[in-house]
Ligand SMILES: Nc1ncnc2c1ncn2[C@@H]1O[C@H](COP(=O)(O)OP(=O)(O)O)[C@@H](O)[C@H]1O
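One chain comes next, on its own, written as structure tokens: the form predicted on its own.
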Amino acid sequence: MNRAAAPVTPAVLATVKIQARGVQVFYGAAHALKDVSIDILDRTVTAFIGPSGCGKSTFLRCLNRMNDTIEIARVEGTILLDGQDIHDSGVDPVQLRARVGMVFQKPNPFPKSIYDNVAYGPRIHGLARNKAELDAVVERSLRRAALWNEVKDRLASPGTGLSGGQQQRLCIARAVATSPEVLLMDEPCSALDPIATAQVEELIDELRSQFSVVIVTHSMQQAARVSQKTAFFHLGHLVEYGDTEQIFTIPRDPRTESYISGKIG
């Protein structure tokens, strides 16, 4: 990792959950992400927008070291979570992913019961000492995901038997069951119908009170609806980052304006 990053000041850390400086990502010889620096705030929804292949999902995967699972990927730069370098030798990636949860583009429930889908993380991380505590974690997580009332009488049924929107909320319940501090969402509504999308968007707004939420979305309308901060990526660069209203009404960079107006995409 490159350690020639900008210094971190305690005053900044008071409101910043994740601080990235000079982040570069290479897939073999391909330079996918170029010198990205950004502060992601706590208890805020931050949207990453931009054309397909612009680097937004690549950067999202940097935040919980998911790129470590790609053999040809190389990450440079510094990413701090609460002031600690996530690439430090003392940081266990498995424990990091318990703190920085992730929800993927397509619902991907495990081939297990609804209960076991949610209980999986707390079990492997030892977050419940007995069955009663595990039951409480499962119920609390399903309630957080606005799914409890729909599934409380069929917890032993397969998670794969739920509708698409319910499966995605089950995946959100599974992600929050380890009590993460940050929730990453990679186009979580792209496979859902409008009604399920509206339910997940409402849920994202509720989760903001408990987590820092970062969402990659191909929908500018969705970014405008759910986020307080927006980052626009283009050709591997972070072009502009600011308050969502400012980005969508008075963007500072002509490339942002061109993307929002549909001239590039």
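Keep in mind that what you see is a predicted model, and the values were worked out from it rather than measured. We number the residues from 1 along the sequence you see.
Omitted here: the form predicted together with the ligand. The next part is about that form.
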Exercise for review: Decide yes or no: are 52, 56 and 72 jointly within 4.5 Å of the ligand in the predicted bound form, with each residue judged by its heavy atoms?
Suggested key: yes
Check your understanding: Since exactly one of 239, 32, 224, 66 fits, which has a heavy atom within 4.5 Å of the ligand in the predicted bound form?
Key -> 32
Exercise for review: Please determine, with the chain shown alone, which of 57 to 65, 224 to 232, 36 to 44, 196 to 204 has non-hydrogen atoms within 4.5 Å of the ligand in the predicted bound form.
Suggested key: 57 to 65
